[in-house]
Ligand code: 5RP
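A single chain comes next, written as structure tokens; it is the form predicted alone.
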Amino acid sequence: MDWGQENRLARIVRRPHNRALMLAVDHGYFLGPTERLEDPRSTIAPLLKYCDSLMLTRGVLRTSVPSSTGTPMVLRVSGGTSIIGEDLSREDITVSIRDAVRLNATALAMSIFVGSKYEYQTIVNLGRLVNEAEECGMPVLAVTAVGKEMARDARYLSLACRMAAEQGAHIVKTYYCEDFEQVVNSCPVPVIIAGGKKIPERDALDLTYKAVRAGAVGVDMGRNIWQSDNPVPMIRAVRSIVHGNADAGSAWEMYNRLVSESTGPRSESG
């Protein structure tokens, strides 16, 4: 890994403790105007200073993020199907490395679908993306998914994460599961967990704590932050676990205190 690539990666996985709080707002690339992400600019604005990096598409980056920000951008470069399409796994690379550099991306992100109909295509695309990204010192985040017939358990998630790392991914994003230590220990690059669909705030904090305790470097969380009625208290509570080593109970207390101090349910104050 050269200096530039290592420097970019260190802006996402923060030293000295190697922790990461990534805010995911890339859902529109296949879901369209997701609830509470209909206007990306207004969703992102109050949260931007609390995340270590922002995962998004080039369209949202160009239209909804101020160019003055110092927050690193993790640019999704894959897509091709929608939620109503035939098969979500039929993705391809949709953004050139040149455009990613022009947008000053800190890292690139794409999905692989292990056990799906288009497994081969997505994994070969990951290798191709890593080849091109290496030429300009750009880290690659592989977002792992498994086929519908495959359980999201340690066996299959370990398979998907290890395959991504073997293709050269510098960070791997996956789901939390029981025996998550097995997934982390079998993957030679940092593992970050997906927040997934919206769940109660306390459950999302428990998820964050268990994942970090099991060895994840942090979370790439979206809906469990900005679909909360109190997104700023929520991201601050998640941050207290990722960077402050708080347990889930302490983070939950912090969340409720921040909510009670705020002047409105979606206010940033407090």
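For every residue, the number given is its place in the sequence shown, counted from 1. As the structure is a computational prediction, the values presented were derived from the model and not from experiment.
In what follows, reference is made to the form predicted in complex with this ligand, a form of this protein that is not presented.
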Per contact check vs this ligand in the predicted bound form (non-hydrogen atom within 4.5 angstroms), the hit among 64-72, 208-216, 25-33, 233-241 is 25-33
This ligand contact at G196 in the predicted bound form, heavy atom, 4.5 Å:
yes
Please run the contact check for M221 against this ligand in the predicted bound form: heavy atoms, 4.5 angstroms, yes or no? yes
Answer yes if any heavy atom of H170 is within 4.5 Å of a heavy atom of this ligand in the predicted bound form; otherwise answer no. no
Give a yes/no on whether Y175 approaches this ligand to within 4.5 Å in the predicted bound form, heavy atoms considered. yes
The listed residue (V143, I192, V140, A105) that reaches within 4.5 Å of this ligand in the predicted bound form by any heavy atom is V143
Partner-free chain; cross-checking this ligand in the predicted bound form, the single residue of A204, C51, M55, V60 with a heavy atom within 4.5 Å is M55
Near this ligand in the predicted bound form, with a heavy atom at 4.5 Å or closer, the residues from 61-94 are R76
